[in-house]
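We begin with a single chain expressed as structure tokens, specifically the form predicted on its own.
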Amino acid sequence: MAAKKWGLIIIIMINLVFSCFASSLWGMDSAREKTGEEVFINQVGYLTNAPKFVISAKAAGEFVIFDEKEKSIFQGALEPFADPTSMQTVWRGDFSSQKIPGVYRIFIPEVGWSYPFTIDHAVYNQVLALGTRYYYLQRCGIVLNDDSSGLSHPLCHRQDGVMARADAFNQKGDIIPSMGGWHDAGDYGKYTTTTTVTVAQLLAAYQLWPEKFVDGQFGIPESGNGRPDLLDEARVGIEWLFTMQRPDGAVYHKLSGRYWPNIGTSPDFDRQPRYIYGISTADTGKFAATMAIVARVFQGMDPDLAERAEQAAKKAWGFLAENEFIWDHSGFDDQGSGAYGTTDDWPDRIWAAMELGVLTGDDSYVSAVINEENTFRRPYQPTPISWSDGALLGLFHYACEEGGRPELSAELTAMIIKLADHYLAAVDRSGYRYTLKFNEFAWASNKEALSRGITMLLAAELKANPQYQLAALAQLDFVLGFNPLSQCYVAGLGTKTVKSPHHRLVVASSKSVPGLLVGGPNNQAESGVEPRDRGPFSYQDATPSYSSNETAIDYNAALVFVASAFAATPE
């Protein structure tokens, strides 16, 4: 009883002191306290009814939450936690009971202040908006003049693209009109590999939560045409993908220049010839799967597009059925852009078979990869969605399909649940509720974690367990600042936001690309800029750090998907 009394007296005294110096405390600079650097929270904020945690980098016993009027509204205890994500002992506090909307900061005596954060039911709507609008700013072959970000450039890449070498349908040097699409990353290449998995995830999010997407939502040129902006943006990628298919159904891997543009080159000054490089059965499979999804989504609103997509998907499948693995690509092709290389197309064939089976109801597609015992004809274990393996999405779509094989649907459901449970257990072990352990931080770690979140969101559609959604949301918390570097990895969001991504337009314009998600901590540190083998500390917000601080369109696809799940329905 005495301990409680003295605790109350201490809090009252702290509140009185802070009230006297409210303005200086709220704006306290790093000369006195390391504001935000040692008190970690999601810098965007928290849903009113969601879990809410704070972590201290130093040993501490309690934390106090202050509102915008510098009034203390909550005191909580900090408990030590042996954290496999950072390989440190951290001190974690829970303030999930705080549900009143507002803007807050947390103070931990002898440690410091957190950055400000918001509690609100629609706190992730801005994440969704900026994360999706990023694609407009990545568009290729347009005149960009964006008032909201200040980004602009004249018409770029007007001659896409030139055949790099002859094949059965084209001569070396032939021009194949292939303008449009999105610049893949911080450079200006365009890839079938990442465009397919990006389009597929955007459309999958729309299928799951169509009420979250409306016309005029993201302020893009197509806003006002009566169609949800998300579908308009997805169509930019879809139309470019059509240009990459050969008459026999095979799909080319990429379109890029032979030389890396200098880091400060604006896209309109990248005037080198840009080449279409060889075909790949892996990309052909991804293309078939994605076009099958396109056909389903657009069937009711744009029958012509849906029909084009279905025919393109079937043609791509026809090529796969007649050919073994093909990777028509050489090292010389990658002097001016990296390849999304692979030695196996089995996951892509599985994905294509599942999506075409769902689209057409024709079991012969599924039978090409699944035997009569409802097991895969070749060994396969699902993984989170990535550019190298998008099959999980196909397994999910088939598992949800009422017209398929019931026994197969049950098997696929069990596979997805098993994978999700693996990540759910990792969340429970981590102080940050993150799925990545210290040694798992590699290239695109932020995307990997969000993709693991997607796995749990898909599981939540198949099995009623609210812990899947909460664990998926925790991956978003980490990316938005609840991490050992107190770094928000999405440009334009949070207080400590990304300032210097590896991105040519950003360098050329000295302006940010709002909504851009960077790859994140990377133990391998291929750029030689970020520290090596430091787990969540292997990151540097520096332009030369291409291995930790570059963006890519498939990274943002994972961000948009997870944000879609938690965004409020537009009013």
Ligand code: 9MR
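Quick note: we count residues from 1 along the sequence shown, nothing fancier. Since the model is a prediction, treat every value here as computed from it, not as a measurement.
Just so you know, the form predicted together with the ligand exists too; it's not on screen, but the next bit is about it.
Only one of 327, 104, 95, 260 lies close to the ligand in the predicted complex, with a heavy atom inside 4.5 Å, and it is 260. In terms of contact with the ligand in the predicted complex, the residue from 74, 443, 319, 113 that brings a heavy atom within 4.5 Å is 443.
This chain is displayed without the ligand, yet in the predicted complex the stretch 184-192 from 236-244, 184-192, 395-403, 292-300 comes within 4.5 Å of it by heavy atoms. For the chain shown alone, residue 339 is a contact residue for the ligand in the predicted complex, at least one non-hydrogen atom being within 4.5 angstroms. With a 4.5 Å cutoff on heavy atoms, residue 124 does not count as touching the ligand in the predicted complex; it lies far away.
When contacts are judged by a 4.5 Å heavy atom cut-off, residue 559 does not count as touching the ligand in the predicted complex. Within this chain, residue 546 lines the site of the ligand in the predicted complex, having a heavy atom no more than 4.5 Å away. Residues from 89-123 do not approach the ligand in the predicted complex: none has a non-hydrogen atom within 4.5 Å of it.
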